[in-house]
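Okay, here we've got a single chain as structure tokens, the form predicted on its own, with questions on binding and movement later.
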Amino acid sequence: MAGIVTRIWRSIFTRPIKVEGERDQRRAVREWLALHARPVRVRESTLPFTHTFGLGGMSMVLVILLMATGVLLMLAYEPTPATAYRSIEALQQDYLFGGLVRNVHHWSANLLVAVALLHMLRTLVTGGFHGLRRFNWVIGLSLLAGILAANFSGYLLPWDQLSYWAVTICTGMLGYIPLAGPWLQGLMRSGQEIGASTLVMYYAFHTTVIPVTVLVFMAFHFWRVRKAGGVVDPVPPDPDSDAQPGYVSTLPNLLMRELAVGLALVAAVLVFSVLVEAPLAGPANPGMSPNPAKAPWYFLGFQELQLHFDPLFSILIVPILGAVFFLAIPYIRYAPELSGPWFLSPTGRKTAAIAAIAGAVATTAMVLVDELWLHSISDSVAPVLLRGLLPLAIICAGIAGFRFYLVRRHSPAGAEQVQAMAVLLLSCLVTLTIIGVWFRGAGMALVWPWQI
């Protein structure tokens, strides 16, 4: 057993890597265990930083940071309502660099959500979901769900007012789902109310089940990227040309770039964690809700949606429709299957920009109309009609009309149309999130950011 461990250690860290010639480079990649996630050669046109911005590699670095700091936090944390908050305070005050470790863990988790979303958007607008990459898009969405689950389960662990009531709000939304709502709410709370069993369950999932699941899906995701030939080429092959795409050795051309981006990211997270403390409110008090009580920022778009839709639509119907659309994106028939450059073409760039602006403007206008006018007549009309079927029908008609406008005015290809619709929906969600974060004050009333 010791011999096996020694050989593995040497294969990862101590085997000399010679890169004088192409044969040595290939042998180095084959023999160094840490490089098996990468092919021996990559297309030179995929190396520029602005093609991918290193978002996939950044996600992996942040996951490693989270697991490393998470293990350290487990040494001081006690998952009971009586001791959880006190252990966080002791971590920040009594342990050398304890506060820094918590800051790195907290900010890495929040940054991971943003980076994963940007990585998904990059894949979308470069058409990286065709052919062999179809199922990898689904795996990527599953990874995004796992990242959100990891953040949500860890959000409760400090057991302060901020985390307690945020989880109370998010789990309370499930109660509006017909038939299965109360059961799902009880399952997510491990009982009728949030208490000791909830905290232990979230701690167990946050430290075991979810990290293992994310690691397995991440490894599968990277393997599928390699089997598909790497990231999409920003320079599509010319069918009329006999020229072969240029390839270069992975080591050092790709790996040195990834190493530089990873080190820069770690440095940025460390500097930010030194300068900005992770939030910690007062101890959780089930009898006193903060005003306003908000969900975590990555769920605030859905909380904002709940203010304008009947719960059946905001919690169940609208999210399901959105999820089905994004899962179906790679399986829609495209002719041709455009991929490679950002936004696919000049037409795709123009239609995506129009979609982003239209989504932001339309969402803001509908929020204002609902706040200033529809609330005053809500008592005289059935909620399912006024806050469910009617706005959903208006939104669907608006999306259909917007697509008709794009086709008539700009004549985009099928892939560019789907891209524009996805950007439109993401723009709506981002706008709702911004409103929820910076424009909702006491009682979830609309206020200016400086009035919060």
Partner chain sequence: MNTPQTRRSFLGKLWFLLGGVALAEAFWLAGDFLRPRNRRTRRGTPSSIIVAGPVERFETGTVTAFREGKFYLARLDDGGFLALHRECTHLGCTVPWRQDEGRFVCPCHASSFDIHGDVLSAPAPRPLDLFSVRIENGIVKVDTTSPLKRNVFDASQVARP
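Residue numbers count along the first chain shown, from 1. The model shown is predicted, which means the values in this text are computed figures rather than measured ones.
Beyond what is shown, the protein has a form predicted in complex with the partner chain; the following relates to that form.
Of the heavy atoms in G186, some are within 4.5 Å of the partner chain in the model of the complex. With a 4.5 Å cutoff on heavy atoms, A293 counts as touching the partner chain in the model of the complex. For the chain shown alone, L199 is not a contact residue for the partner chain in the model of the complex, no non-hydrogen atom being within 4.5 angstroms. Though the partner is left out of this view, M444 does reach within 4.5 Å of the partner chain in the model of the complex, counting heavy atoms only. Contact annotation for the candidate site: F299, F313 and T363 all lie away from the partner chain in the model of the complex (no heavy atom within 4.5 Å). Only one of 108 to 116, 144 to 152, 305 to 313, 355 to 363 lies within 4.5 Å of the partner chain in the model of the complex by heavy atoms, and it is 305 to 313. Here is the short version: of T80, N253, S190, S345, the single residue with a heavy atom within 4.5 Å of the partner chain in the model of the complex is S190.
A heavy atom within 4.5 Å of the partner chain in the model of the complex is found for one listed residue only; from G262, G128, G172, G99, this is G172. The single residue of 203 to 220 lying near the partner chain in the model of the complex is F205, the criterion being any heavy atom within 4.5 Å.
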